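Single chain ahead, written as structure tokens, the form predicted alone.
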């Protein structure tokens, strides 16, 4: 097929679409199998692109991954043996895999494995960034790379990034067991589109984002307001190459007639697949319905997986013992109830098993989708079999004509198998025809094309917060209490300007402040890093309280003017520091002296010099004995006297309302940068706090607001509530 005129895409996955191995003949390469490769390989071949992934082994000097006839570039990401152990076997498969499959007792939480996971995800992003020029979309796949979108966004802020998770996403109560839950969510929210197999997983993700990151979420539209960006969340159920399985089933040789009916189980050997529970259910079937003895066999195919991991070795021993015990209990001279195969089979042989089985017993304890169920359906080209499917598999959301079971309900599963074995042909055919029609339509090609269309369309915006949202956030909290409303100035009440003198209040914001301050049940305070004189001049409203220099200076109604008693020891040294920082300035950088503190600004300087300027300013500030705090394109120097905006807000609350202020007063605070985090921490559990603007950094605020316009909407709500 000739390359498409469409722009290429860049795929990032844990593994490449080829598997490397070594033999006496040297390095050998074979095409990988699996749903991901079958979906994306023809896509990249058709439209062009690149696949970034781990080759599975370390390439030696002189060895080449690429071949001249490759339809697209495959770019290896090198991993050390330690990284494979900690990133892949450790965090990916010993932490995320069991937890995301709702088996938290099997999950292991290890800081060293998390650190390796973060390092490897960053490396995937760095390698991909080198190959992303000209790509219409960077498409990141699966649980091994949950942090890659964030690292890629930092390198390529304008890239179009999409992510798809191929396993379940757990509910909030399970996901929050992760010590790094917020970090993983922020990793995914760097993408423009986040995709899941089914709506239930998408809803779990939306709830986790709302409750753990305090983001605005529209569950109906699947939109998340992540600071100044909006992320689309959708369900894209993956399918199979239906025609390939259908044709293979039609081509293989018909089986010889046999006296037993066949119940088929096909799985990777993994504790999530419910093989042990399935064996016990089949044993229960033979107990409850002895008429099936010597007339039915369970053919269980277990494909080896992670056989070097002790937990999987233990699982194999458990299954071996179960098979031996059940066969020993029920077998006769001419019949064994369970035929157990621990190996993989060639595609043609597997298609024959699918086609000729009377029942497919697919009962995972939890599964992202489960393509085996779809492969069985596609292979039903002759006398129709019956699909018995776990309702805990993602496939159950659409494969409604299957007999759905709870795999933990041994008796219920046994009863479902009995029903399937005794079902008349008319019902069997009706069910399989409906299943085949849907799976033929919802092929893997449709999945890939639907996802790409979703990625192109992503970019919608949430409407500004409505009164109903603010009512949910603060309405009940304030009911019956006096409101102490505290607000930062720059980036919260006024948009960030190239120069602080240009950061003026809009008429609408000024009006909202006046209306809030005029209420009998509301007091308003402005808490700013500006000097006290500067912030009171910029706002110019009464009766409003003003706290300048991060609260080192305070004045306003109901409180005696406050100047921190230790400031006098540092004024002379601040002036000396200012002169020293002036020597660091280049065009576009300047020093703002504020009496009790100072700020080194570099917003208008050459962007290539920003990192150097910030590091040099921080070094000089610390050398002079002052605290250094990073702000937006600025570095602040504060006296080391253990005082910040959080201390200032508590001082105001105690002084203005008395030591028992929390009995009658409820504080609300909104701010946009790191200096406001001090207030968020102090008011945690005591007030309601809002972080304004970028969501790329962690926050301890209760909620996040996208911008100054959202702050205006909140003030208007508070004024008329």
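Residue numbers count along the first chain shown, from 1. In this text, all values refer to a predicted model and were calculated from it rather than measured experimentally.
FYI, the form predicted together with adenosine-5'-diphosphate-glucose (ADQ) isn't displayed, but the following is about it.
The single contact residue among 407, 551, 195, 368, judged by any heavy atom lying within 4.5 Å of adenosine-5'-diphosphate-glucose (ADQ) in the predicted bound form, is 368.
Comment: adenosine-5'-diphosphate-glucose (ADQ) is not present in this chain, but in the predicted bound form one of 303, 586, 177, 433 has a heavy atom within 4.5 Å of it, namely 303. Although the partner is absent here, residue 343 lies within 4.5 Å of adenosine-5'-diphosphate-glucose (ADQ) in the predicted bound form, judged by heavy atoms.
Although the partner is absent here, residue 166 lies within 4.5 Å of adenosine-5'-diphosphate-glucose (ADQ) in the predicted bound form, judged by heavy atoms. Although the partner is absent from this view, residue 268 contacts adenosine-5'-diphosphate-glucose (ADQ) in the predicted bound form, with a non-hydrogen atom inside 4.5 angstroms.
adenosine-5'-diphosphate-glucose (ADQ) is not drawn, but in the predicted bound form it has no heavy atom within 4.5 Å of residue 643.
Heavy atoms within 4.5 Å of adenosine-5'-diphosphate-glucose (ADQ) in the predicted bound form are found in exactly one of 369-377, 186-194, 128-136, 528-536, that being 369-377. Taken together, the three residues 489, 494 and 637 lack any non-hydrogen atom within 4.5 angstroms of adenosine-5'-diphosphate-glucose (ADQ) in the predicted bound form.
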